[in-house]
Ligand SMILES: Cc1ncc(COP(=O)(O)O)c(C=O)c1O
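There is one chain below, alone, in structure tokens, taken in the form predicted alone.
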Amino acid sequence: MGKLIYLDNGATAWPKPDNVHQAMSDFYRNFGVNPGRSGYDLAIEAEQTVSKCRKQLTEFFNGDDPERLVFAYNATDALNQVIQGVLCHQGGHAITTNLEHNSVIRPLWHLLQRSDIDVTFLPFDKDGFIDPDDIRRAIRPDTKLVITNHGSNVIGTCQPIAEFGKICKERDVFFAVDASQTAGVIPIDMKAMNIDAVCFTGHKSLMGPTGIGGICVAEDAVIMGTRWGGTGVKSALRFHLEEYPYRLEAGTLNTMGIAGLLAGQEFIESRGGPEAIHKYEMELMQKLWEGIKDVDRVNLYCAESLENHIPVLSMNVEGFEATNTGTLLDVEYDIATRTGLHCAPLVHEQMGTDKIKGTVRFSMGPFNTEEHIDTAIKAVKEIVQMSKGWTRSLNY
């Protein structure tokens, strides 16, 4: 990493563990053929890597059947498949929240153009949480889908998805969870939480590469396919296969990405599992929070407490737009953060930060250190002092 202090793990975990790089290189050099298409030894070896990753991820989420662990390009691709696969074939009403990423907002917004689909967006409270009773009240006779994120990529609040799932189970409504920010740091138990589909990406806390993600689908959950093509089996059929995983997979898989994702799970276990990683990252977040929360002219968002949070913190310095603060952190202190609306515009619209071009987001990863946080605290305090004397050309 050199001098760079990387505090943008909410965008992607970086650096990746060494074993991930090695596993991807070894796999592609030695077994980089098409799995499931032929019976020769290399193809069988490749398929075994894919199958092992399906099995481990299914256990990771306490799913029902490894064959119902479906690979996708990323969480956005997975979420599109779930949203369209549940709503496009039957229409009806969906419920989501103002905390969502555009990977949920945009597919729903496009479907809203159809006359047979309606969507309710629920606001969050002052602390950044959705009241389960709001979901209960929003469910209608024609509600087909409730879809929420588990952890916000803007304010870091971790929603009570077990309570959401219980309500959906009682009302026989499909419940899908966007676990982009939590898979790998917060345990997710599909059975205990009554989740029908968990959508995940590989390149964040699962410590894998970009270009790989997926869906873990519960045994009794119904998602219709929205893409069709080659599967390598039953090739004489004109229609795409209905059985999993082929139902939601078409074409050649990103096998090198799957090998990296498998190695990422091994790294997580080597660090003591998701709970241990989350504990470490939240200790760093607590240090940052305590270091800047009482600094004059620093505004934190939905962070009165760090209970039920992931290591994501949004802030602004009064007098500066987020982009200005982020540029100073980068140029003057070699600290990488994320600024702007974070692909989640409804969060900022509800908080009013859309008027000042979003927030500065700090997000921790397993390779960050206390020294990184000390530098970030010092930098924020010094930027606050700069803000008091700078010209109005940088003011909002």
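If you're wondering where the values come from, they're calculated on a predicted model, not measured in any experiment. Position 1 is the first residue in the sequence shown; the rest follow in order.
A second form of this protein, the form predicted in complex with the named molecule, is not displayed here; the remarks below concern that form.
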### Query
Quick one: does G184 come within 4.5 Å of the named molecule in the model of the complex, counting heavy atoms only?
no
### Message
So in the model of the complex, is the named molecule close enough to H93 to count as touching (4.5 Å, heavy atoms)?
### Response
no
### Task
Give a yes or no for G264: in the model of the complex, does one of its heavy atoms lie within 4.5 Å of a heavy atom belonging to the named molecule?
no
### Query
Are any of the heavy atoms in D196 no more than 4.5 Å from a heavy atom of the named molecule in the model of the complex?
no
## Note on the structure
The stretch from 294-302, 221-229, 255-263, 175-183 that lies within 4.5 Å of the named molecule in the model of the complex, judged by heavy atoms, is 175-183
### Task
Could you check which residue among V82, L313, V146, A75 gets a heavy atom within 4.5 Å of the named molecule in the model of the complex?
A75
### Message
Considering non-hydrogen atoms and a 4.5 Å limit, which listed residue (S205, N153, T325, T97) is close to the named molecule in the model of the complex?
### Response
N153
### Task
Scan 94-113 and write down, in order along the chain, each residue with a heavy atom lying within 4.5 Å of the named molecule in the model of the complex.
H101, S103
